[in-house]
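Shown below, as structure tokens, is a lone chain in the form predicted alone; questions about how it binds or moves come after it.
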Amino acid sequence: MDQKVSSKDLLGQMLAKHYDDAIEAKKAGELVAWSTSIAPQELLETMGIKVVYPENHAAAIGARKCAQEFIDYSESGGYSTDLCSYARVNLGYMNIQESIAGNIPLPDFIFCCNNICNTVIKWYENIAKELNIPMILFDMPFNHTYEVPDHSVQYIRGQFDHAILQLEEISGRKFDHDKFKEVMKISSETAKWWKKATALAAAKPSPLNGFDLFNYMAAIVCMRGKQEGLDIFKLWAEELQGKIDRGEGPWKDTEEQYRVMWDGIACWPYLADTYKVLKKNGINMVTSTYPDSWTIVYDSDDLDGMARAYSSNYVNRNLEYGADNIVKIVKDFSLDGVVFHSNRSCKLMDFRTFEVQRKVHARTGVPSVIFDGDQTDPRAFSLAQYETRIQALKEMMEENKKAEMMEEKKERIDG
């Protein structure tokens, strides 16, 4: 009997096919788009246009420890070290066009949505200008109010309608609204299963080593509108539930002693190092703010709902929402601590990290630490500093656990 293929194996196969399909489409003269990571891909999927995500590709380059070559190239061309390192890697790759982490074809047009940050606008504008190609932009106003206001929804909805006309002009084909409804349904269902799978990490012990979460993120970025994306997250949820039923934790050789969340993007060049330091201390990163970021859920054929969902991204919400979100995660996942990555590339998130940290501690009492780093620039991270901060976090979590045990003992005696 054939052994069942695991979701991790399928993930590798799917991602390889994703890049291969884009390269073959380019060779065949078909349209290829470069898109930001949380953009309304439903429109591109409906048109049958192959899409590549530069953030995914830059992360893969960083994880393969070859980002510096591309960063050096873009900086030598005048791009500042203060710019997002994903942008510097991608702009360097656009000229070098060869990487041990795999290759992507150059785009025929740009698909940009600024709900993750405003840096992407100028980054993608530069690509469009250098390659002399069209750019479709979705401007998602930052939500200074707690909820997404109705006027923003209408503004974004109008952009969806305009983008459809732009895609028809670029492709020379009519937009199939019936297929669009099908894609919307698959995309929303995939996001729900992504959320279901990642929520299973709340079990004790957690069935998930949270660094695996970073790997599956690649699929939620590029497979959200595809049936195979839905299938892989259903399978992953089934596997995680199986581990829960068997009482299995995240590791075979080490017990989960402490549970933390990771706020911010991974340090891709140091993924193994950051993971090993946590594991060595019995600390499991069970979740992050990422599961909610890609939980783009709405009713099929509800463009207003789709507009609201894309504007609801965690990064596009105000500070109070951000703090409330982490407080909820701390409680839902029974966390002992929080690790904040002060990411040099991500100015919006880095700017408010200290205030969010203060608010979360005041409301939960859960200790946290902040370490300096960058998502793909290897020069901005110190392993020694990271180890020191994690050791400090472990000591604070130990003290909290001792205090909790003393309180429980006192209650038993008093009772």
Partner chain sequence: MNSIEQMISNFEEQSKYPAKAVAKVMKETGKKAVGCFPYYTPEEIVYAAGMLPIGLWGGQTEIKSADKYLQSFCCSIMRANVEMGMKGTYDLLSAVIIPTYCDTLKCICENWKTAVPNIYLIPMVYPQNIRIEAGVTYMMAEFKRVQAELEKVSGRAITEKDLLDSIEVYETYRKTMQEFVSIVNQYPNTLNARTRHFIIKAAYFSDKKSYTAKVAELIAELKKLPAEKFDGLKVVITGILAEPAALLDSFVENNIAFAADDLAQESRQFRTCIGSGKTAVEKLARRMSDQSCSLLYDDKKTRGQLLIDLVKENNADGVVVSMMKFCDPEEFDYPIFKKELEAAKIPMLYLEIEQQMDAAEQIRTRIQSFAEMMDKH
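Everything quoted here is computed from the prediction, not taken from an experiment. Residue numbers count along the first chain shown, from 1.
What comes next is about the form predicted in complex with its partner chain, which does not appear here.
J.: Check 159, 342 and 354: does every one of them have a heavy atom within 4.5 Å of its partner chain in the model of the complex?
T.: Every listed residue reaches its partner chain in the model of the complex, so yes.
J.: Is residue 244 a contact residue for its partner chain in the model of the complex, using a 4.5 Å heavy atom cut-off?
T.: So residue 244 does not count as contacting its partner chain.
J.: In the model of the complex, is there a heavy atom of its partner chain that lies within 4.5 Å of any heavy atom of residue 175, even though the partner is absent here?
T.: No.
J.: Is the gap between residue 79 and its partner chain in the model of the complex 4.5 Å or less for some heavy atom pair?
T.: Residue-level check for residue 79: yes, a contact with its partner chain.
J.: Answer for residue 129 alone: is it within 4.5 Å of its partner chain in the model of the complex, judged on heavy atom distances?
T.: Yes, residue 129 sits close enough to its partner chain in the model of the complex that at least one of its heavy atoms falls within 4.5 Å.
J.: If we take heavy atoms and a 4.5 Å cut-off, which stretch out of 147 to 155, 180 to 188, 213 to 221, 266 to 274 is in contact with its partner chain in the model of the complex?
T.: Partner-contacting stretch among the options: 147 to 155.
J.: Name the residue from 122, 280, 331, 192 that puts a heavy atom within 4.5 Å of its partner chain in the model of the complex.
T.: Only one option qualifies, and that one is 122.
J.: Within 4.5 Å of its partner chain in the model of the complex, heavy atoms considered, which of 248, 304, 299, 139?
T.: Contact residue from the list: 139.
J.: Within 99 to 117, which residues come within 4.5 Å of its partner chain in the model of the complex, counting heavy atoms only?
T.: Those in contact are 114, 117.
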